[in-house]
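Given as structure tokens, the chain that follows is alone and in the form predicted alone.
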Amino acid sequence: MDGDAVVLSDVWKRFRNVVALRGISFRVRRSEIFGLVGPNGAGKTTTLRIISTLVKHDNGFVEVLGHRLPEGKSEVRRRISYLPEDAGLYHRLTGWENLLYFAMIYTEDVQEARKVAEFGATLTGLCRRDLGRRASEYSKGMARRVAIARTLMVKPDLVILDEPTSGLDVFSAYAIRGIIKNFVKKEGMTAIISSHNMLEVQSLCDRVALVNRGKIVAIGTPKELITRMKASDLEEAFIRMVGDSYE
């Protein structure tokens, strides 16, 4: 397991009468961008929340950065950064103040926190004037840029992004993808990205797990999966793999 940042083996999770995960197994290699792709309700977010230590699995084996969960969750939390789909900003604070606030969660040294926040400011791609505006005045795309930057600026060993471009216009989504791909690859981070946008994941990820109804349908590089199903893109490959099982 030396080359693996994340290992899941036969993981199950039930919420009352709903079985969210049905024996999911996969490995995420260190320094790769790994995608979880599938329709809404497939089990992607539940999987991310388990890896992020926010939800405890019912059965199976989960190891993150060399620590088995749930026992090692304290160590894991120090080394990961997780951005939920619905994560927002503090609207009364400026973009810069949001970055500084989150930087100070990671360090009590004010000067060090300012350095981290300054780095985050460069990642946003926003000008100083925009960063000086209250977050309540931001477009959804601007707010998401700041949220992505605050997740990456601490340079975690593992970054977990749930639907990072959900609801954004094409220009904002393109900018966010650029931030993720360029920075994560440059820093050699491990990243797990969940999305129902298969074309987006096809462009971002080294390997992809196709998820449907709490199960892994297939794992491989986007090119491998497309070739295997004789499809034109990942979306078509997924549809062909799932067949009539998805209604």
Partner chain sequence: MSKLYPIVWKETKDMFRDLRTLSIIAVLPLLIMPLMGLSSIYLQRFQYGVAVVVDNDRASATIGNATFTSSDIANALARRLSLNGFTVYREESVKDFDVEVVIPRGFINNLTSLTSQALIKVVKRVGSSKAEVAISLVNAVASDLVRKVANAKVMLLASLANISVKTESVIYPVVLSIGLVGPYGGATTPEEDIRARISRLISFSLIFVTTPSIAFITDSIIGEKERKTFEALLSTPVPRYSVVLGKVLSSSLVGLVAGLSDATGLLLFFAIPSVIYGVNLLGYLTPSIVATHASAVYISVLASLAMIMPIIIRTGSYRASQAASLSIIGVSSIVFFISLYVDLPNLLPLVKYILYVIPYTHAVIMIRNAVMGLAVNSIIHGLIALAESSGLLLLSVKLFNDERIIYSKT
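Quantities reported herein were computed from a predicted structural model and do not represent experimental measurements. Positions refer to the first chain, counted from 1.
The same protein also has a form predicted in complex with the partner chain, omitted here; what follows describes it.
K.L.:
Is it the case that Asp86, Asp109 and Arg134 all touch the partner chain in the predicted bound form, with a non-hydrogen atom of each within 4.5 angstroms?
P.N.:
Every residue of the candidate spot has a heavy atom within 4.5 Å of the partner chain in the predicted bound form.
K.L.:
Just one of 63-71, 48-56, 32-40, 202-210 has residues with a heavy atom within 4.5 Å of the partner chain in the predicted bound form, so point it out.
P.N.:
Looking at the other structure, the answer is 48-56.
K.L.:
Using heavy atoms and a 4.5 Å limit, would one call Leu158 a contact residue for the partner chain in the predicted bound form?
P.N.:
Looking in the predicted bound form, residue contacts with the partner chain do not include Leu158, since no heavy atom lies within 4.5 Å.
K.L.:
Arg92: heavy atom within 4.5 Å of the partner chain in the predicted bound form?
P.N.:
Judged by the heavy-atom cut-off of 4.5 Å, Arg92 is in contact with the partner chain in the predicted bound form.
K.L.:
Considering non-hydrogen atoms and a 4.5 Å limit, does the partner chain approach Lys140 in the predicted bound form?
P.N.:
Outside the cut-off, so no.
K.L.:
Does at least one non-hydrogen atom of Ala117 fall within 4.5 angstroms of the partner chain in the predicted bound form?
P.N.:
Ala117: no contact with the partner chain in the predicted bound form.
K.L.:
Just to confirm, with a 4.5 Å cut-off on non-hydrogen atoms, which of Ala121, Ile80, Ile148, Leu168 contacts the partner chain in the predicted bound form?
P.N.:
Of the candidates Ala121, Ile80, Ile148, Leu168, Ile80 is the one lying within 4.5 Å of the partner chain in the predicted bound form.
K.L.:
Which residues in 96-111 have a heavy atom within 4.5 Å of the partner chain in the predicted bound form?
P.N.:
Residues within 4.5 Å: Glu97, Leu100, Tyr101, Phe102, Met104, Ile105, Tyr106, Thr107, Glu108, Asp109, Val110.
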